[in-house]
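In the form predicted alone, a lone chain appears below as structure tokens.
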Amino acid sequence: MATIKRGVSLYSYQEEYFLRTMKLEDCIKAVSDMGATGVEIIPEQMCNEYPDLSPEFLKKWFGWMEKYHVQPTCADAFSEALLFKNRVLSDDELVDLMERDLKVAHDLGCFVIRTLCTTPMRVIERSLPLAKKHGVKIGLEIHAPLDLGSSWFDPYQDLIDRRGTEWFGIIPDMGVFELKPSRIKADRAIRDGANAKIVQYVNDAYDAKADLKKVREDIAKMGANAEDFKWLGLCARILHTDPQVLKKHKGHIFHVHAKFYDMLPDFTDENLDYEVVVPVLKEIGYDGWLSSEYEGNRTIDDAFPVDSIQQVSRQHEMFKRLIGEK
């Protein structure tokens, strides 16, 4: 029986890593301490030698994997077409960057690299032989506001139909399953100058599926300021894709970015639809990792201490329940 595995993107610990209260080894240890087994990394962020990883660093890296009983999963890569101010990189150059990152992922022991939807599909297709060469899959991240159920994915589906799923698939980001406006983001909007009554009005209107054009007119009459309109704009971009759409992509989901903003003390997430998503993943036989991606730090760090370890640990308690892990 397929079993979903628990992992963490070390990006989740970006606050502490930036402030130097956690080093790379500390981040890996935090993954192990909560009983997770998968380690996802942005090499450009956390590997000082990137992209030329020395034998000394790799020895240390795999030593940590063994010491903490974890394994590398995904290396997050960027197709930096706008690397230079005066020109856009050519396809040949972008393919070279893809091979660079495939090699880095291979050296780190990762089975997949995350590429962005800004990576031209023709570059991805040209890179498939390189993925085979390095033994690393290419996973396209599906991130809000992109809808997994919409026609924008058709060309990628065509690529899958033509070339198969051995070396190309998708990495759904759970931000596409957002249920409602985030409480901590609403609080931040108020701290930034939005009117609490107007923020609540917008939230209630969102829950009621009210016409946003009318909501805009209503809050204007209420004396809305720029921050109020900004909050309305953020709510207007919330995407809730029906989790059932994951069934359509069964067989080419390589990895899952378990995005979240705030885990409550009772180990629940009121913002993202994990209560439905995880059972659907179980139903389709997904046996990869749910890789935590905590992004609430940037919302609360103006006013509150950030405890990324606590937040990720709470999410994993939720995962244990939803997966059925004892």
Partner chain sequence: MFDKYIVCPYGLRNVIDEHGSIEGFELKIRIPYYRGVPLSVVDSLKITIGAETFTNESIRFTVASGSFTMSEMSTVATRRWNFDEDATLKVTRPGGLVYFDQRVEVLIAIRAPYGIFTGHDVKVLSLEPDKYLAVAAK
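What you are looking at is a predicted structure, and each value in this text was computed from that prediction instead of being measured. Positions refer to the first chain, counted from 1.
Quick note: we don't show the form predicted together with the partner chain, though the next part is all about it.
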Note: the partner chain not shown here; in the model of the complex, the stretch from 147 to 155, 116 to 124, 215 to 223, 236 to 244 having heavy atoms within 4.5 Å of it is 116 to 124
At 4.5 Å by heavy atoms, is each residue in 6, 276 and 308 next to the partner chain in the model of the complex? no
**Contact flag, residue 45 vs the partner chain in the model of the complex, heavy atom cut 4.5 Å** = yes
- Message: Under a 4.5 Å heavy atom criterion, is residue 301 part of the interface with the partner chain in the model of the complex?
- Response: yes
Classify residue 203 as contacting or not contacting the partner chain in the model of the complex by the rule of any non-hydrogen atom within 4.5 angstroms, answering yes or no.
no
query = Do residue 267 and the partner chain come within 4.5 Å of each other in the model of the complex, heavy atoms counted?
reply = no
Only hit among 207, 93, 80, 166 for heavy atom within 4.5 Å of the partner chain in the model of the complex is 80
Checked 213 to 245 against the partner chain in the model of the complex; residues with a heavy atom within 4.5 Å, sequence order, are none
